[in-house]
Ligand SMILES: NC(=O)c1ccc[n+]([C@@H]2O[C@H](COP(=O)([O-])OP(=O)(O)OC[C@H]3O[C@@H](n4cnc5c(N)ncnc54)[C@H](OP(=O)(O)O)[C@@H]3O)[C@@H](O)[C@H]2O)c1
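As a starting point, one isolated chain is supplied in structure tokens, in the form predicted on its own.
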């Protein structure tokens, strides 16, 4: 697969990432197979978060713990991936980006992941009660201490991202918006424009719309199916290809727990939509031709 640079950093990853938000449901053996399959398919960005596992028997931190068990058993896998995690959700407050909380959060994440650093530490959602300067102080210290190599944000508006960046000593290299054929806000809310302005990379979460790509029947789905027939592909892979067709070089993060789906999803990186096909999907979503 073609490699994509993450922001202005020296990191590069495959065009599709693999997300571990449901890893708390896996045994270490099952998770090991999924990670190996993703890496073999060129999905070298592995994304998780400390909140993943809440509501599961393993609880808060469950997904990181399972991934950490994989890395403990097979430490050679760590060097094959760009490891990203997220913090700042505690399920009570519910968002906490205060200095003390974040510094404790990254230490706990590193302990669960059984590694001495993550390649990208991301603020999961903006905390409206903490000043951006305080959040930035924590992120700056994480980088200085070597606990995080780079910084990213998730679910931030462009204005919030710029406010945080103003207090950082290092460049934000990634932003994680929800982006799919059935959720196209990043096309118009400035997120992907900001990425091109700053060379940051967008990591699109829920690129298959939380499974709605498979269950809904509307104009977008009909358009995806028509284009899939043209490319001898599948609806889901056309949906993934759509997110990768924007000029910002979006990296969709898939979260399937089935190895066969991981392997099949990798084929989406080789589906090259025409500009007309991309706009067909946009117009189907908007219900009107482009102005």
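Quantities reported herein were computed from a predicted structural model and do not represent experimental measurements. Numbering follows the first chain given and starts at 1.
Note that the form predicted together with the ligand isn't included here; everything after this is about it.
Enquirer: Among 124, 137, 183, 149, which has any heavy atom within 4.5 Å of the ligand in the predicted complex?
Expert: The option sitting close enough to the partner is 124.
Enquirer: Would all three of 13, 78 and 113 be in contact with the ligand in the predicted complex, where contact means some heavy atom lies within 4.5 Å?
Expert: Judged in the predicted complex, none of 13, 78 and 113 sits within 4.5 Å of the ligand.
Enquirer: In the predicted complex, which of 185 to 193, 95 to 103, 216 to 224, 153 to 161 comes within 4.5 Å of the ligand (heavy atoms)?
Expert: Going by heavy atoms within 4.5 Å, the stretch is 153 to 161.
Enquirer: Is residue 82 close enough to the ligand in the predicted complex to count, meaning some heavy atom within 4.5 Å?
Expert: It does not: once the ligand is placed as it appears in the predicted complex, residue 82 has no heavy atom within 4.5 Å of it.
Enquirer: Does residue 254 make contact with the ligand in the predicted complex, using a 4.5 Å heavy atom cut-off?
Expert: Yes, residue 254 is a contact residue.
Enquirer: In the predicted complex, is there a heavy atom of the ligand that lies within 4.5 Å of any heavy atom of residue 206, even though the partner is absent here?
Expert: Result yes; residue 206 sits at the interface with the ligand in the predicted complex.
Enquirer: For residue 176, is any heavy atom within 4.5 Å of the ligand in the predicted complex, or not?
Expert: Yes - in the predicted complex, heavy atoms of residue 176 and the ligand come within 4.5 Å of each other.
Enquirer: Along 15 to 29, which positions have a non-hydrogen atom within 4.5 Å of the ligand in the predicted complex?
Expert: 19, 20, 21, 22, in sequence order.
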